[in-house]
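Single chain ahead, by itself, as structure tokens, in the form predicted alone.
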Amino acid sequence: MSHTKVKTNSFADQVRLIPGGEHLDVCFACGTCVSKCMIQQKAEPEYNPRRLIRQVMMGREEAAFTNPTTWMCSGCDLCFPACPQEIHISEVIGAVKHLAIEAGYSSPLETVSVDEGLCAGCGICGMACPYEAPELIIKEINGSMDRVAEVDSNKCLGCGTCVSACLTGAISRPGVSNSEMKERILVAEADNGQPNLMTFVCDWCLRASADVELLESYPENVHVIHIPCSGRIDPEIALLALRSGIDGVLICGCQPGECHYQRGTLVSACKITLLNLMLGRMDMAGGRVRFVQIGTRDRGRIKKEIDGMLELLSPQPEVH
């Protein structure tokens, strides 16, 4: 959406003119949003909406435009229910981001890329993306005009949901591309006598550091792969793990309403449900692929889920 440039007396006035920015003066910098957000804890110590708003009010445009808060807010609104002023702080941040892009600044985040030679121009990536970052354009490819997806790097937050949605493997993101995921699965070594469990853990579903550290304490038969969002996992990845000798696949994502990337957990839930229906028709289900949604208050639950899955996969003693 474009906005008419209006001469104003201050940077704050410009922010107020952007939809969502009108809440700028309502915030009284209590810091509750910071305490609810996991970005500062998990990804960027400098993330601080209160500091960003202060920079806006002081007219420090460059500081605000280069502030990681401006680019890293995912709009999950986990902070909204706790805000005593009942404002969507994400909308205020979005207004600052809009002005930053207008001023020529660009996102510093790791984003996805499109292999135009593989892209079929189907548009599924755009439908899957929570931020509408990919869009279809017409351009010349190998001497002829074709329809391909193009990703707006200023909208993309790198969740990887579009990577799993792409039917041709044309979209990738460093660290969680199809080839990298497959390589990590194929090198997972089996531990004789013990059930092998492949566990994919969303970077945002575990708030307690003790839960994250716990993942490193399991023996080698529990293979843990950290992913930016559970929406990154598709049925092909789970099936590849099973074909490679893995006994079970556990996917851990956020609880509905708490997904850091807004709807990644819903996308994953749909895909894994369909996969289990398919496996059930082939008499291959038996709980070998599970998707669990962990809330921010569910401390210690990750251990129960992994231990429960291992117990399910363990050979049962024969009854005589």
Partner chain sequence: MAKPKVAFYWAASCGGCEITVTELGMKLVEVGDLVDIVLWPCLMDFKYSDVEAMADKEIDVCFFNGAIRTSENEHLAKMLRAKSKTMVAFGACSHMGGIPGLANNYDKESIFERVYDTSPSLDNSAGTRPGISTKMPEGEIVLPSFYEQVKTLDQTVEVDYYLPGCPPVAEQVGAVLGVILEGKLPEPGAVIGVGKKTNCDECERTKRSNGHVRIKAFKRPHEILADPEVCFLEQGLICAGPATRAGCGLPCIQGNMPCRGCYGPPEGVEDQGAKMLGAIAAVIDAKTTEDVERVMDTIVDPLGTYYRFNLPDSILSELKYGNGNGKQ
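Positions refer to the first chain, counted from 1. What you see is a predicted model, and the numbers here were worked out from it, not measured in a lab.
The form predicted in complex with its partner chain is left out here; the points below concern that form.
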property	result
Residue (of 101, 212, 120, 82) lying close to its partner chain in the predicted bound form, criterion heavy atoms within 4.5 Å	120
The single option of 86, 220, 183, 132 touching its partner chain in the predicted bound form, heavy atom within 4.5 Å	132
Stretch from 87-95, 221-229, 198-206, 167-175 whose residues place a heavy atom within 4.5 Å of its partner chain in the predicted bound form	167-175
In the predicted bound form, residue 60 touching its partner chain (heavy atom, 4.5 Å)	no
Interface membership of residue 263, its partner chain in the predicted bound form, 4.5 Å heavy atom rule	yes
Residue 75, heavy atom within 4.5 angstroms of its partner chain in the predicted bound form	no
Exercise: residue 35 in contact with its partner chain in the predicted bound form, heavy atom 4.5 Å	no
Contact set, 123-149 vs its partner chain in the predicted bound form - heavy atom within 4.5 angstroms	123, 124, 126, 127, 128, 129, 130, 132, 134, 135, 136, 146, 147
